[in-house]
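We begin with a single chain expressed as structure tokens, specifically the form predicted on its own.
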Amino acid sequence: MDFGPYLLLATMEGAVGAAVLALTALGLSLVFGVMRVVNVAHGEFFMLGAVIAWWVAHLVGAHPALGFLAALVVAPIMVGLVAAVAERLVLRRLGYDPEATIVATIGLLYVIQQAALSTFGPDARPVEPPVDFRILLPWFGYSGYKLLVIAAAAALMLCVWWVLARTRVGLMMRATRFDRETARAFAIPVDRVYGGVFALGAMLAAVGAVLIVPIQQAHYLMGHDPLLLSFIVVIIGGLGSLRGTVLAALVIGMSDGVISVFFSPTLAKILATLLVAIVLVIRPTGLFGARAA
């Protein structure tokens, strides 16, 4: 039996999952890296982006491409606004205390989830892909939209890197991450930086959700797996390390795709969890995490 076509298909499916996972985990890692906040509600921002994408596409309705493009703009903005309000009313009042913010974001998780259930209902909601063409390979045809998802995610991650490394906004983020009090002494608006970072992390998750929702239907419980996998990615890559997050997302996403096709999705999750345990034993700070003093 020729396993070549199956391996190629599994690799391509894994690349799509890795691209979306990298965007989602990048938002979680960015929030922790700058704010030192473990956002347990991150998966619900992903879910909220998906259901808003369905809602916007349903409202536009006339043309799938127009509806998808509108969702790609509206959903991240709306999710970012929700995150900014949550940061202002909840996290800032708690002083970004690590233990308190974990409890607060757990509560935020259930608030967002139940609000989505009450507003959009329990049914899964499909969204039509904006383009419908197939790339003909020697063994099978492959969705052109899925290849566009990989390209869009890679382009967006490059944009995030450029903002962090080459702009004044990125400099303020890095200064705040290094020392909050010193940054405040140099007139950096730390509270605004924190609000912007928290909103940006949620928006990255929402963009990933909009990209995946033509492949995986929107549902009010769909935030659980992205949250779990994002935590696995940032633990393996190193909490707060963007380079480690992207690399770990590629490893987890690709292996998840290959193992799911040849064996089972359950085995893929088990092996990912086992990999976390091994990394924590060998290198507790993750592959690219900074060593504690």
Partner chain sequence: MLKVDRIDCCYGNTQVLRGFSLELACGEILCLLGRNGAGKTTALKAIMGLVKPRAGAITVDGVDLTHLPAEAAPRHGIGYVPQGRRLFADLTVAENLEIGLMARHTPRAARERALDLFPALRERLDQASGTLSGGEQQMLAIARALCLEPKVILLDEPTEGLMPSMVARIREVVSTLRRQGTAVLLVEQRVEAVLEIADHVLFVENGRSRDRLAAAELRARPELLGRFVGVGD
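Residue numbers count along the first chain shown, from 1. Note that the structure is predicted; figures quoted are calculated from it, not measured.
Keep in mind the form predicted together with its partner chain is missing from the figure; the text below concerns it.
Mapping the unseen interface onto this chain, Arg93 falls outside it, with no heavy atom inside 4.5 Å of its partner chain in the predicted complex. Contact between Arg174 and its partner chain in the predicted complex is found at the 4.5 Å heavy atom cutoff. Mapping the unseen interface onto this chain, Glu181 counts among the residues with a heavy atom inside 4.5 Å of its partner chain in the predicted complex. With a 4.5 Å cutoff on heavy atoms, Ala185 counts as touching its partner chain in the predicted complex.
Out of the listed residues Gly107, Gly144, Pro189, Pro126, Pro189 is the one that sits within 4.5 Å of its partner chain in the predicted complex by at least one heavy atom.
The partner is not drawn, yet in the predicted complex one stretch among 164-172, 217-225, 77-85, 115-123 has residues with heavy atoms inside 4.5 Å of its partner chain: 164-172.
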